[in-house]
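Okay, here we've got a single chain as structure tokens, the form predicted on its own, with questions on binding and movement later.
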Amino acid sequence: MKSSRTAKLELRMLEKSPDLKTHQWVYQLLRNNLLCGRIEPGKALTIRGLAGELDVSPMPIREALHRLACEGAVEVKDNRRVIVPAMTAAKFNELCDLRILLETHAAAKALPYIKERDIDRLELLDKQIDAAIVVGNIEEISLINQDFHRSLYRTNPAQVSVPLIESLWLQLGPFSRIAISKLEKAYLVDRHQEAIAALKQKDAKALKQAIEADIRDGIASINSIEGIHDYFHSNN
């Protein structure tokens, strides 16, 4: 994928397919940029600036920002400025705790519906993550990792948790990008392989443990970075 650059903002672009309406494309593009952390915490966004950046009218930008605000990914201020929320230590811990709660639940509920083709897809995604780690592509690591988890949880046809989980990812994405970029090497013990093994064995307990360990490894890795808490804002 190419990137769009200006002095103020650099966006990871998303190809617009013919069947995708402009407002849908704008929403997905901004959402992907938040999920991979391309838009930094505290970053102010303007409808006019984004419309010029993406060469669209203000209306789809306004609609996309409204949807993202409803998901907790951006905040609309009193003066109509839109910003990516800053992270606090308390908020970070709360979001991570919720990730563990929701994602272990979603994984266990998906287990009865897992088929061999689903496992094949998860193994392919895990290999793609490994390839992204080798070349140090932080954004691809983040997005493919999310796709791994999303693909697992969505095998449950009755799932309602994925939108809630993605809201947490959206809120953590901008901060996690800063943290991951400071890692000298990937923290990964391949918990995805542990999860895949549990899926093959139909072992719900082992699957939940693997998903929780995957999330906790990431949290511990972020917390271990020297000076990372300087990026947390005060709760005041």
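These figures come from a predicted structure and were not determined experimentally. From 1 onward, residues are counted along the sequence shown.
Missing here is the form predicted in complex with a further copy of the same chain; even so, the following discussion is about that form.
- Although the partner is absent here, Ala86 lies well away from a further copy of the same chain in the predicted complex, with no heavy atom inside 4.5 Å.
- Glu71 belongs to the set of residues with a heavy atom inside 4.5 Å of a further copy of the same chain in the predicted complex.
- Residue contact with a further copy of the same chain in the predicted complex: His66 places a heavy atom within 4.5 Å of it.
- Interface residue remark: Asp147 is not counted as part of the site for a further copy of the same chain in the predicted complex, having no heavy atom within 4.5 Å.
- Only one of Glu75, Glu123, Asp97, Asp130 lies close to a further copy of the same chain in the predicted complex, with a heavy atom inside 4.5 Å, and it is Asp97.
- Contact with a further copy of the same chain, judged by heavy atoms within 4.5 Å in the predicted complex, is confined among 192-200, 165-173, 48-56, 33-41 to 165-173.
- Contacts to a further copy of the same chain in the predicted complex (heavy atom within 4.5 Å) from stretch 85-105: Ala90, Lys91, Glu94, Leu95, Asp97, Leu98, Leu101, Leu102, His105.
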